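Here you get one chain, nothing else, as structure tokens; it is the form predicted alone.
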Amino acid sequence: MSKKAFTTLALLVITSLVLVACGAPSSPTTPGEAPSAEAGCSDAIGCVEVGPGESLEIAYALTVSGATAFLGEDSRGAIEIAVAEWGEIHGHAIALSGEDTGCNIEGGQAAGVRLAAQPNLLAVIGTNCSSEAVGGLPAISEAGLLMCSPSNTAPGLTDPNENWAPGYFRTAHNDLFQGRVAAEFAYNELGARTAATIHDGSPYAEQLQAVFASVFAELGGTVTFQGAVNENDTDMRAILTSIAADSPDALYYPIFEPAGNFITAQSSEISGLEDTVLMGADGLFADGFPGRSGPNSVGMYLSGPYVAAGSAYDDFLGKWADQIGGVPPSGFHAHAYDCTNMVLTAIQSVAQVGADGTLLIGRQALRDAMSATSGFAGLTGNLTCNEYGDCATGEALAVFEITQAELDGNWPPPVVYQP
């Protein structure tokens, strides 16, 4: 999909807002035509100046090493594709740097501090894991940066009474949607009437299982057990034995690898779980998950992001094959692509252009442009951001079933349910 196809509607929506926020002339301008930088910066939280020949700086904050690297690689590839499509903005190249966040609070905090210290950085695409955002968002927000996450799903990140901070946005679904979809599938489609959950203490997993449990009970089901493991645990037999005491119809564990691998592999060793259906979520939506978990993964269900085939998505997958190679390893690449395009559209819109090509980009204007996004035609659907940064509606969700084909190396698994 071309840059113009992504930008036209967004530019029409935010033009009037940009003129006020950046101190641009009050007379109308043509959509996409940048206002002048000669008047100087009048932005409430400051401007970034990009001189002639200098690049616009954006960065990713993703988990690109260790057991969760598939999430970061999935997002980074999509970001690189979007940046390559844009090429430049107002004659300035786009420079992409990055930080490895490790899928934990500490990694996110360290990355956030490093990113906040970069004076010319405009925006951050990330993080992958919600825990990283909890750690990194305070410094990123305080520095006046814009942040757009492709895969943070914890409800608290867009709740002003919990972890939300100004400048935060996400194209990923809120787990208030995913938890409901998973519970409705278990109750209505599988016929489960009892269920247990396991989380790993992360904001993502704890909040997602809580939504699942609440909705499952709301539907008439009984939650027999809610417990936690540590992300580095390898022996899951004790918690599985506790769960097996009630032989639940379903076990929902929306956690990450490698803990999810051990639960899956060891579940068949425990008497009382023979008829329990295993269910995970997008934290386990990785091309290598079936192989690392073994035969017990066959017949398992995963809730997670879904993008329907079509000309735009097929075109994207073709670019992935050409530029990155193979197929995306997880499920949030389309969300990362949409995040990047939304951010670059906002930068293009608010940048004031001087006679010598210097750009003046207001930080609050940039945030305001993202907040004003409405009906943005992304790969994941039409995106409209609310005041606390939720830009997705939950429409791009499904439940997948792992089959023998996935254990043998096929990816992704087939969709068996859509809300």
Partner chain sequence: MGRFFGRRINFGDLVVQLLQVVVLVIVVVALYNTITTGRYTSRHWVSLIFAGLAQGSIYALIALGYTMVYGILRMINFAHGEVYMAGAFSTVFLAQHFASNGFLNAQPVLAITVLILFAALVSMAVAFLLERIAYRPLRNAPRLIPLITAIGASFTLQYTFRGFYGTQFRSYPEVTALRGTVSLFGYSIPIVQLVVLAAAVVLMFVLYWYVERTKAGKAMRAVSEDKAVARLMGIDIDKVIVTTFLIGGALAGAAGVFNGLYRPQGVYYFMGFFPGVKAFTAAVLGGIGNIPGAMVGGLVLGMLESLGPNAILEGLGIPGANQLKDVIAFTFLVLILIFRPQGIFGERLREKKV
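This is a predicted model, so every value here is computed, not measured. Positions refer to the first chain, counted from 1.
There is another form of the same protein, the form predicted in complex with its partner chain; it is not shown, and what comes next is about it.
Novice: Does any part of R292 reach within 4.5 Å of its partner chain in the predicted complex? Heavy atoms only, please.
Specialist: Yes - in the predicted complex, heavy atoms of R292 and its partner chain come within 4.5 Å of each other.
Novice: Wondering, does P138 line up within 4.5 Å of its partner chain in the predicted complex on heavy atoms?
Specialist: Result no; P138 lies far from its partner chain in the predicted complex.
Novice: State yes or no: in the predicted complex, is some non-hydrogen atom of N261 no more than 4.5 angstroms from a non-hydrogen atom of its partner chain?
Specialist: N261: yes, in contact with its partner chain in the predicted complex.
Novice: For D246, is any heavy atom within 4.5 Å of its partner chain in the predicted complex, or not?
Specialist: Yes.
Novice: Tell me which of 222 to 230, 166 to 174, 314 to 322, 125 to 133 has residues with heavy atoms within 4.5 angstroms of its partner chain in the predicted complex?
Specialist: Among the listed stretches, the partner-contacting one is 222 to 230.
Novice: In the predicted complex, which of the listed residues (A93, A117, A217, A238) lies with a heavy atom within 4.5 Å of its partner chain?
Specialist: Of the listed residues, the single hit is A238.
Novice: Given that its partner chain is left out here, which of E189, E162, E142, E269 has a heavy atom within 4.5 Å of it in the predicted complex?
Specialist: Filtering the options by heavy-atom distance leaves E269.
Novice: In sequence order, which positions of 133 to 165 have a non-hydrogen atom within 4.5 Å of its partner chain in the predicted complex?
Specialist: The stretch does not touch the partner at all.
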